[in-house]
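Have a look below at one chain only, the form predicted alone, in structure tokens format.
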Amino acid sequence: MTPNHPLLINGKFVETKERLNIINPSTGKVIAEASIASLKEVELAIDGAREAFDKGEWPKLSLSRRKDFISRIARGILDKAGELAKLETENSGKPIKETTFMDIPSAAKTFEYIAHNFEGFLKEEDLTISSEAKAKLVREPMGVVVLIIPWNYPLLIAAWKLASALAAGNTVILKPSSLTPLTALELGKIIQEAGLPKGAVNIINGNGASIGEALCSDKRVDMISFTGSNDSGRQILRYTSKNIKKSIMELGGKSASLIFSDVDIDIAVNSSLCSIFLNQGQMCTAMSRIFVQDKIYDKFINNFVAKTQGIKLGLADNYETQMGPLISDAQRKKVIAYIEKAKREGANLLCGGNIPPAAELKNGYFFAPTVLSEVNPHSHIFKEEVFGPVVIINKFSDAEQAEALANSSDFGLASCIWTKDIDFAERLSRKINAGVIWINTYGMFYDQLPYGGFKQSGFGKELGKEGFLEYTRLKNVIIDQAPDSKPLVNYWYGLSS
């Protein structure tokens, strides 16, 4: 009998009649069932979160008490790290090495970082404006916050959003992707064991098309934080326009890596492989466009293709696996369609582009890592996010051309610059229209540093002090200090003579 994973609503675990089969992308087999929220459960979750914020204890707790609860969640994740890593791998297809050593410990560290720093972030600021007035700048929680997370980093992105939203004093409705709800629903058990007041955290699983409008348009919800596709982001913004509310949008990317001729080619190649094929390329920060200076282009691309062909595909639960399956058959078909269109538009297929023939992989959603060259900048695959293990490698001649290529995208999430000339790299970084620039590295996320993009990659930040403050509202309290307690406004219309 497959286990059922219930929802968490207003302090209670709720099983619903409607359930969704959860598929292991490595095998195509059902591994669990997850309860599905209807509009009834959405209403209960919003009611519970609203009541908990307006009348409950969570927003009123002392910061030290709130810190204790956030720390307990971090410890709960670490206590169940092995179980959560296995579950994340089975549900998402992420290789067990990644979930064990990256995703799960990083999720715990995010809660730890927020627990140890948020009190300082909330410190009131006193300002003396003039001899007549002083002011206090006060940070308050937004209220009820809906967190909508994607399927590519289910627990980690939940941690990014939830730790800050909770520590700021908000009550939360967390909606995971219906493809990968299992670790988020398990997080609900950790939260219950940590003893948080009822309604502080509600976790509901459901299809966005069915419950998205009810969640995002309701005037009882004060804020939406969304990570996902641009199409879904646009739809959410349409919903929120019915009752205006703050939103954070972390959307897609078509990130560019610029590799200059003075680099160590082996280091640049090995690092670039990671920048596109980690998590099967299913990353919004994936360096899906790699531009190499013409002097080293042939050597780089030959080395890159050879190492790409050596990447070990395998079942995600095998520690020797370097690349697992895509999330679903639908995602694989989307990737294939992009590659076929790219070839019709003149791209040169150097390797991959096929479903691997190995017998042990036949039931999963595997796809070979793919390298394309000579890709026309006007082609669809050059401009649009594929979200799979597909990379474009083109050449450039000088820094001016490299800058133009990097910025020739509607997206502006991230970029890499590879060169031994750090001063040059820093100058170039100021010209790249992206929210995150890595110099001689890739994918280094730190809880202390804000993360977010420009242009069609969205707005708002996650992580760091700046990401935390997104989940607060800033209040300006002005205090009159006029002599004799007679403010200037007292004289505007004059006193009777």
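Residue numbers here begin at 1 and follow the sequence given. Remember, predicted model here, so these are calculated numbers, not experimental data.
Just so it is clear, the following notes concern the form predicted in complex with nicotinamide-adenine-dinucleotide (NAD), a form of the same protein that is not shown.
This chain is displayed alone, yet in the model of the complex one of N302, Q235, N243, S71 has a heavy atom within 4.5 Å of nicotinamide-adenine-dinucleotide (NAD); that residue is Q235. When you look in the model of the complex, the only residue of L372, I149, M323, L162 with a non-hydrogen atom within 4.5 Å of nicotinamide-adenine-dinucleotide (NAD) is I149. Using a 4.5 Å cutoff between non-hydrogen atoms, A330 does not count as a contact of nicotinamide-adenine-dinucleotide (NAD) in the model of the complex.
The closest non-hydrogen atom of S261 lies beyond 4.5 Å of nicotinamide-adenine-dinucleotide (NAD) in the model of the complex. Contact annotation for L251: at least one heavy atom lies within 4.5 Å of nicotinamide-adenine-dinucleotide (NAD) in the model of the complex.
None of the heavy atoms of F382 is located within 4.5 Å of nicotinamide-adenine-dinucleotide (NAD) in the model of the complex. Per the 4.5 Å heavy atom criterion, nicotinamide-adenine-dinucleotide (NAD) in the model of the complex is contacted by stretch 171-179, the sole one of 171-179, 108-116, 415-423, 336-344. Along 52-81, no residue reaches a heavy atom to within 4.5 Å of nicotinamide-adenine-dinucleotide (NAD) in the model of the complex.
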